[in-house]
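Only one chain is included here, represented as structure tokens and corresponding to the form predicted alone.
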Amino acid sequence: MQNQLRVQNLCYQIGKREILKNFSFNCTNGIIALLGNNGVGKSTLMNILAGILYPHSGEVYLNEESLLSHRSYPIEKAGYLPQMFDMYHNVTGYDFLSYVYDVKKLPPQDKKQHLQQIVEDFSLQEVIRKKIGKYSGGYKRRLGIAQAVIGHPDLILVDEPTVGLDPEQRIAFRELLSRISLHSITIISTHIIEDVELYSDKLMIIGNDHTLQFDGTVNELIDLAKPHLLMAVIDKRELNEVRNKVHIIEEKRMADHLIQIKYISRNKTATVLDNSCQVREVSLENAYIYFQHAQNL
């Protein structure tokens, strides 16, 4: 089933301080990455979509059903893994998953088989009967996403999915999210650009003004940035002087005291260094830094 999430003109504020302004977007199955600086409203948006916060205005529709007009949030339709996921350390992983299943009011006759499948899907067999206090960081995140997908919800929200994981655990976790997103809308809020570049189908960037500044694909953002990025090779002794002229987004050490830099101008009047050339290979991180810089010009 192809799910659809439609968000219209969400606004949220604390006192007179605006956290989200006229926020609107549409998305379907796949991984949607949410990027932006700290404090721009990423976690607030996730909490609204999860039913934890209620916006001051706007609408949220999941498969044309309003999530905001329900007397109680339809918890069975969504799964949420917050950034700070932790449970009572003296509870076993299985008891926790069992509790989430019951809270979602899913069919009792299917419970044993469903939880067994969840445990297998997330390779939790080794620890599922152990107390959560004995879990490593990687297993805690696995348990966290496992509880979020109980009942096969249409919408899955994951805040900082790979925080605290080592590189090998991050790869495994990204693969889990990629598999899950085939049948659900999976929105991740992250600061790790690599998580976005490898697995995301859609990218949204919240600007410092708390509005949606970009809504498109990874390739679209890269194509937007590519014409504005230049590369040059400089002597490392000139690095501080060059930093005052241009905005460096990447540095790579070379032989003989040389440094290769990728850069953009610090202002709208282009500053071009000697021997500069156009950047051919632009990473998502390069494009994201350019986009953030361009918004501040």
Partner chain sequence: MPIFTFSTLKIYKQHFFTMFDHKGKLLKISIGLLFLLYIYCVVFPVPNEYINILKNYGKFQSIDNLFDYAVPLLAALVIFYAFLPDYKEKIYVFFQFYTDKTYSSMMICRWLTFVVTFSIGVLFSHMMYFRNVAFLDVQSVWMALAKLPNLFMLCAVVLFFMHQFKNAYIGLFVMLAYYVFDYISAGRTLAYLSLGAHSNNFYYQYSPTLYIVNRIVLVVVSIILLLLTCRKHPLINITKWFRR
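As the structure is a prediction and not an experimental result, all values here were calculated from the model. Residue numbers count along the first chain shown, from 1.
Same protein, other form: the form predicted together with its partner chain, not shown, and the subject of what follows.
Among residues of the shown chain, P161 is not one whose heavy atoms approach its partner chain to within 4.5 Å in the model of the complex. When contacts are judged by a 4.5 Å heavy atom cut-off, D102 counts as touching its partner chain in the model of the complex. At a distance threshold of 4.5 angstroms between non-hydrogen atoms, P82 is in contact with its partner chain in the model of the complex.
Contact annotation: I14 falls within 4.5 Å of its partner chain in the model of the complex, judged by heavy atom distances. Only one of the listed residues (S184, T190, Q147, Q213) places a non-hydrogen atom within 4.5 angstroms of its partner chain in the model of the complex, and that residue is Q147.
Checking F173, Y199, F96, Y139 for any heavy atom within 4.5 Å of its partner chain in the model of the complex turns up a single hit: F96. The candidate spot formed by I206, V242 and H293 is out of contact with its partner chain in the model of the complex: none of the three has a heavy atom within 4.5 Å. Just one listed stretch, out of 52 to 60, 28 to 36, 249 to 257, 228 to 236, contacts its partner chain in the model of the complex at the 4.5 Å heavy atom level, and that stretch is 52 to 60. Contact residues in stretch 211 to 236 (any heavy atom within 4.5 Å of its partner chain, taken in the model of the complex) are absent; none meets the cut-off.
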